[in-house]
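The chain that follows stands alone, in the form predicted on its own, written as structure tokens.
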Amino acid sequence: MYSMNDKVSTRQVKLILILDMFSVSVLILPRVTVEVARQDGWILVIGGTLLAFLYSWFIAQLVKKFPEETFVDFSGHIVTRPIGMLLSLFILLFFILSAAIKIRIFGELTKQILLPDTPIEFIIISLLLICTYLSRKGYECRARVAEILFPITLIPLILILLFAIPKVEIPNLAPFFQLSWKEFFSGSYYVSLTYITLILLLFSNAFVQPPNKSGGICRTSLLVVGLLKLSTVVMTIAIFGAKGTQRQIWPVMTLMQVIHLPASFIERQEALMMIFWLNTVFSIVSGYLYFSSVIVTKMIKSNEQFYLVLPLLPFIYILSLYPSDIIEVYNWQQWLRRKIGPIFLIVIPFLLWLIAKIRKVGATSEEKK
């Protein structure tokens, strides 16, 4: 820990990134994969994770050239400041809309599972205010919170997956390898977009000490998240079958309900999943809020970031309540992930890396080691 200077260690960034990547998508990932590949849906997780490794390589190579700068700074060096400001504005809008969608999904699920009589507006504003408080404290505070949340979040999930093993029925996964190449590539591509939070490295690399460790950060985080997603999808399909998984709105939540811990350790196992999921949503939403305020800070050349978090809340709150129901929320999420996500995750990092390489802008990886 590098206290009171907004610098964090590589280990802390790995914890943050794991929590951020393993968020809302995991609840519906088994259903999404079986819709494309049926019982072979788990193969798409492997293909999607491998593609995410490729995306992360370009992001890592790009930020290595500018170890002390955020996206707002180095994009201006690469493609001129006006274009860099325009790209930063688009990412800001993407962060705000993404935060709104995740907050709304959180509200819908919390109301359905835990608080059926509580107005969804109150649920949303409660989490939003907590995330705002964390975002105002800076990136170092996010790192310290991630160190606390990481074991609380992942240990219960791993335990539940272990207790689910006796309910696994291997025939539900058979016959194996029946998907076509077209299904494999299209499904893997879509699953790879669930790693969209990798774009946060375009901003967080400036806070890492020592710098230029983004490649190792990405590899470790993707490996952990990929294994967890693969285990979750395999368990869900093996227990419910492809058709049963496809019928579930929240397949992973249903999985938690059918598992019985020994000695009645806890009456409602899905509460453990809610704890895990709440922590990951809290992490990613606070991340979107923090980096949105960083973008605004850089754009207006302010010296402080913390007071620029609060003005973002009304926009996120209003957008989160705009969809009429959960179906419309998922339509928003699919549009954002499929149409806008690839631009920020794949196209922009690759083009900026290529232009920087051609123009020889920024230091080479060897010079910065």
Partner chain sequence: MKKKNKYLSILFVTLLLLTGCWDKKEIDDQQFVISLGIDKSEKETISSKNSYRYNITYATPNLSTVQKNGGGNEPFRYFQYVTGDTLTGTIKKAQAYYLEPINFEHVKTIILGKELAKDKVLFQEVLDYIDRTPQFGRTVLVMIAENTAKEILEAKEETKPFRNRYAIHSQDITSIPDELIIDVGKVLNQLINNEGTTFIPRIKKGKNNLGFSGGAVFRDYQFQGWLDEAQVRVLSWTLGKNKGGYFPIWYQGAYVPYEVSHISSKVVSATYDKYLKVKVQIETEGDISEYILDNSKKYIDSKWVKQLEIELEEAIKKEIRDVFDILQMEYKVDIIGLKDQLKLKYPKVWKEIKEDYEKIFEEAEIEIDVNISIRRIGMVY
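Treat the numbers as computed from the prediction; the structure is a model and nothing was measured. Positions refer to the first chain, counted from 1.
Another form exists, predicted in complex with its partner chain; not displayed. Remarks below refer to it.
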Only one of 189-197, 249-257, 72-80, 88-96 has heavy atoms within 4.5 Å of its partner chain in the model of the complex; I'd like to know which.
249-257
Whether L157, T220 and L228 jointly form a contact site for its partner chain in the model of the complex is the question; each needs a heavy atom within 4.5 Å.
no
Distance check, L115 to its partner chain in the model of the complex, heavy atom within 4.5 Å
yes
With the cut-off set at 4.5 Å between non-hydrogen atoms, does Q178 touch its partner chain in the model of the complex?
yes
Partner contact for I170 in the model of the complex: its partner chain, 4.5 angstroms, heavy atom
yes
If we define contact as a non-hydrogen atom of the residue within 4.5 angstroms of the partner, is K243 a contact of its partner chain in the model of the complex?
yes
Answer key: of L201, I239, L289, I105, within 4.5 Å of its partner chain in the model of the complex (heavy atoms) is I239
